[in-house]
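One protein chain, two forms: both are listed below as structure tokens, the first as structure 1 and the second as structure 2.
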Structure 1
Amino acid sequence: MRGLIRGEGAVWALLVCLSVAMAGASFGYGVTKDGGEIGPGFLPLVSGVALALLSAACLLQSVRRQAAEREEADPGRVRTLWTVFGLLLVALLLVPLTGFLVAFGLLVFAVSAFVEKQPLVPAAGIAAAATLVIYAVFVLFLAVPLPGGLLGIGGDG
């Protein structure tokens, strides 16, 4: 089964689980009210059941054609993709510490310089320019209180 449900099939299987769980929980909210009118659980129940059925049908379709349509991506690009995604996660986790601007400035620099292998000086220049433009537009002009983190750099309006 593990070999059968992979790729797109795994997405549909996940949706079947999600919709069944949400439909199941909908009973706790009350599907109908005393007068027989629709309650808060009605739409989650109906849409949950509908999605479970539709996802199951799509799962069957994808399992049938999976063998015929197996596309392999360049492993190097896939590694780059997950590296960028990991760096994004690191940037988000850094926000409470360094503040929004510093965390995302570092993200731009790290992606440009180390992932995309651009020369260090232009990459640093672009990161600094992007950080300054965002500071000017969002913090100074629009008064958005970006989190300053423990360092308190360039944030909190």
Structure 2
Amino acid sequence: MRGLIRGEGAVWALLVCLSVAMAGASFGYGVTKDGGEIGPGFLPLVSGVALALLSAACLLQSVRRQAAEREEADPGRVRTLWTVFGLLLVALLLVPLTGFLVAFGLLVFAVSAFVEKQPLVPAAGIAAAATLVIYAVFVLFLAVPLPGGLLGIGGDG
């Protein structure tokens, strides 16, 4: 069983709040379009609800463990968690400028290369593959226009 990280519960609680806000904001984009098609707010709604549920489960698990464990936790894990959280916020801020797909690809690359310390070429490959999968699933298969930002790549421009 892994040890409890100081501040872990606060991070999960913050993530629950942000994901609920993301799900709520998705209604502003329109979850469905005329004719019953999936709208641009569908992906943020599904992602926000799923992230909120997973974060709430992790928060509950963290709170339960907090009383049981008193051992000192690895401070590197807390730093990693906050680093990923900060990178996620940067990616969200980049979406209006670069579009969702570019911001998502940069997020995956940064997490893979700098947090997970993978070599740059495999990290770039992972980022490109993840971005292509997201593009194929949401733009090509589900016909959900992703925010294109100023570049207009893969989205509604």
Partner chain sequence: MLDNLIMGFGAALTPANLLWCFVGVLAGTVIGLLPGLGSTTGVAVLLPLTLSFEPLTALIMLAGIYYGAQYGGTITSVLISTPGEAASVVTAIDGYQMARKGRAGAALSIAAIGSFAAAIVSLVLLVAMAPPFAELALGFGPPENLAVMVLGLATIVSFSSAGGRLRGLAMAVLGILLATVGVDAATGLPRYTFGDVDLLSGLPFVQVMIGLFAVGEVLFQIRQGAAAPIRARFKDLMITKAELSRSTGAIARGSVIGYLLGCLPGAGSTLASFLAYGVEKRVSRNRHEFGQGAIEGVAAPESANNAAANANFVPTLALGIPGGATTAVLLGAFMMYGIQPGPLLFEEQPELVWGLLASFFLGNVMLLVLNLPLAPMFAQLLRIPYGYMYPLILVTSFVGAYSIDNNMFSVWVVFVFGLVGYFMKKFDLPMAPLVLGLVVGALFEKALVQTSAMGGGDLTIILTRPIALVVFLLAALLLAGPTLLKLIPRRQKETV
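For clarity, a rigid core is taken as the largest C-alpha set superposing within 1.5 Å between two forms. Predicted, not measured: the structure shown is a model, and the values here were computed from it. FYI, numbering is relative to structure 1, first residue = 1.
Structure 1 or 2: which one is the form predicted together with its partner chain? Structure 1, not 2.
Please determine whether the C-alpha atom of residue 16 is displaced by 2 Å or more between structure 1 and structure 2 following superposition on the rigid core. Comparing forms between structure 1 and structure 2, the residue 16 CA shifts at least 2 Å.
Rigid core superposition, residue 89 Cα moves 2 angstroms or more between structure 1 and structure 2: No, the C-alpha moves less than 2 Å.
Once the core is superposed between structure 1 and structure 2, does residue 122 show a C-alpha displacement of at least 2 Å? Comparing forms between structure 1 and structure 2, the residue 122 CA shifts below 2 Å.
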